[in-house]
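Just the one chain here, the form predicted on its own, laid out as structure tokens.
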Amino acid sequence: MDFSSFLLMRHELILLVIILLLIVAEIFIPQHKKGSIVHLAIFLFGIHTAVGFLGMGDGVLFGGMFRTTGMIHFFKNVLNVGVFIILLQSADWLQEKIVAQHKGTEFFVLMFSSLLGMYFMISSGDFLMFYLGLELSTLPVAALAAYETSKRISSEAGVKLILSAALASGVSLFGISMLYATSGSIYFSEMAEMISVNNLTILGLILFFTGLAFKISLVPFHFWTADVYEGAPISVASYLSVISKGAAVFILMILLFTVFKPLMGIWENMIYIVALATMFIGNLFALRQQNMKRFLAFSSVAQAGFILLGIINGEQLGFATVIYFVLVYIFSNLAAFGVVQAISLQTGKENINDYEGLYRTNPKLSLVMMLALFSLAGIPPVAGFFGKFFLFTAAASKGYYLLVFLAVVNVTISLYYYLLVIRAMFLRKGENPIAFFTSKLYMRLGLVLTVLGIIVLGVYSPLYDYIFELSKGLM
């Protein structure tokens, strides 16, 4: 192994350098100029995101523990774009509230450390690297959830997240130990050849799936989601809803479609039941929410149920469909969270009733929120329509017509509660409507990027064909 081999870890190495540079900047930048760290972090991560789109070959490192392919490289770029938008939307909040508390640098270090863990998790070639990446991606987010230490609800969110994550991690690790006992190896490629259908293997699969189901917020492992989203800073809630969930979905698909392929008859039935429960419970609980963060939390639970429609396909079509939907979901959900963050930062209001009459005072924000909710609901011609259509196609191609029909029923339910927010903004006249305000440059840029993503992916969809070709290397 020569030095050039480590270029396969380009994403990881550059992000590690950025973390070290920010720590050095925290030491040497004087206190009255600490706000410049926000600009520095966004600039450095913007360069990292741009460099990620340069081509990179396939390969493995450390005896197969770490691997990269065109699909893995592409998905890391997807995560980078999502995190970059979150940083843009968080800049004003950081400068106005967090830097003054001398915690600006720590926010970036924790978020980038979590992202680094996700890099290792989705590039893992064995369960040891997978587990290390899983832990590194989870622990910093628990600290971020409790970042607003002046608020009791934020500290409560951090405690709930870390306790739930610890339990899920332990259950998942116990399942991995059972899989090792039946196959004699922790490497994905070797386990795929040696795994067999027996009671111990099935139990190991169920326990392992439980751990990842927690990160994806699948029912019945979703109980932490609404409370943590409500208590955590909005930027952290948006990170949990798209970046953390997306990475967990990616590695889950790789393992189900390769390592656990012999157990497909088992996990197909399991996913069928979990998908139905997740869609219905997520949507029905979203109907009764008034707080926008809890509203989007249960919306994200329901969206996770739709994602399972692609996973149950079990083939290349399902893999490509899920990756495309996750990409669309990142832009759509971050657009909604961005509007919520802009309004919360300016007024402190986070309830749906507070949005009454918003179109009359802040028409641009209302339009962004409407576009985001239409995309989440799957209304044509925005990107969310194609994302859900491809998911339904993937499930129907395997004969799951009843599941697709029930998913369409859930789309109807979700459309109703998304329209409740749109009705409040456009048709209601609030007694004390949110006054007109102008967001700063970073927030406006973040919202523009999300709108462009929603529109472009809806109008120009050959990207799906590109993802489909990339997914051949993982199947």
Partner chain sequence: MIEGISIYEILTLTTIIFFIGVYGFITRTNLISILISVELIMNASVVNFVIINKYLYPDMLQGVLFSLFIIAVAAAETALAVSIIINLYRQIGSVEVKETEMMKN
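Numbering follows the first chain given and starts at 1. This one's a predicted model, so the numbers in the text were calculated from it and none came from an experiment.
Here the subject shifts to the form predicted in complex with the partner chain, a form of this protein not shown in this document.
- Although the partner is absent from this view, residue 163 contacts the partner chain in the predicted complex, with a non-hydrogen atom inside 4.5 angstroms.
- Residue contact with the partner chain in the predicted complex: residue 366 places no heavy atom within 4.5 Å of it.
- Contact check for residue 280: every heavy atom lies farther than 4.5 Å from the partner chain in the predicted complex.
- Although the partner is absent here, residue 399 lies well away from the partner chain in the predicted complex, with no heavy atom inside 4.5 Å.
- Remark: all three candidate residues (170, 183 and 227) come within 4.5 Å of the partner chain in the predicted complex, counting heavy atoms only.
- Proximity to the partner chain in the predicted complex, defined as a heavy atom within 4.5 Å, holds among 158, 104, 117, 246 only for 158.
- With the partner omitted here, the residue from 205, 142, 121, 326 that has a non-hydrogen atom within 4.5 angstroms of the partner chain in the predicted complex is 142.
- Annotated contact segment (heavy atom within 4.5 Å of the partner chain in the predicted complex): 142-150, selected among 70-78, 142-150, 352-360, 337-345.
- Although the partner chain is not shown here, in the predicted complex the stretch 105-133 places heavy atoms of 127, 128, 131, 132 within 4.5 Å of it, in sequence order.
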